[in-house]
Ligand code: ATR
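Below, in structure tokens: the form predicted on its own, a single chain.
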Amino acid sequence: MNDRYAVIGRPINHTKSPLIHGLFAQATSQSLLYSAIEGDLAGFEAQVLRFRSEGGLGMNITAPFKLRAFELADQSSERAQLARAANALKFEDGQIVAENFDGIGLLRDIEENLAEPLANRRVLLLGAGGAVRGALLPFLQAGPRELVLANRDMAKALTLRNELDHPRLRISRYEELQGQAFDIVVNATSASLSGELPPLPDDVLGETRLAYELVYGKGLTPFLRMAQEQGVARLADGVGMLVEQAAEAFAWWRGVRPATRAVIDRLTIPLA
């Protein structure tokens, strides 16, 4: 009998997780069945517990349930604790264990797949939501010269800085970025989902080596188009992060980390 895993979210019909984990299982000769579950806003916790009681071994968690998954867990990693959110659960020894691989998946895509190490670089993160919460610890551990967090809501940004209290982490209003230069800029805001652009100064991307958009499969978002117009040499969307965080979860569950390049290539849509 195949070991059972699943992804749960609402809506869930867009998810690529069953395809990704199916390809991973095939490549690593693992016997597993991975399904997608439409989450119930009122009964999410009961769905997770039911899946576990029916023999499920682990779950990926997508919006809007990452915070609730973290709260449901009996144990959680440092990354999940900082993010206060879980994108993966493991059921073992009668316990629910929470992890957050979003940030490490993003870091691996940037440093390994795109060959842009963060060490001694100036890095700009746009936004202060769950994706940024997940990314802060892995990014700071990579040793940037400075990590600047810019957000409209300064109270949220201040909360993150105070929680982490790291000497290389700085927060900024968007207008304060005028005249500054960054090696790597990551758009982790929700602006691209609605076809909008974060309120960046006109010149902030002029010396950037890599502009990275967390939204994937949308071609040139307004943020990436702005980067292209300002002459940024490398543009990337979040498909690599999606695959890399899935590989981290797969390794956590199965004890073997699958290769990711072929899966990323299969899912990549040209930026045009």
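Everything numeric here is computed off the predicted structure, so don't read it as measured data. All residue numbers refer to positions in the sequence shown, first residue = 1.
Below, we turn to the form predicted in complex with this ligand, even though it does not appear here.
Stretch-level contact analysis of 192-200, 163-171, 112-120, 86-94 against this ligand in the predicted complex, using heavy atoms and a 4.5 Å limit, identifies 192-200. Taken together, the three residues G130, K156 and A188 all lie with some non-hydrogen atom within 4.5 angstroms of this ligand in the predicted complex. Under a 4.5 angstroms non-hydrogen atom cutoff, this ligand in the predicted complex has N151 among its neighbouring residues.
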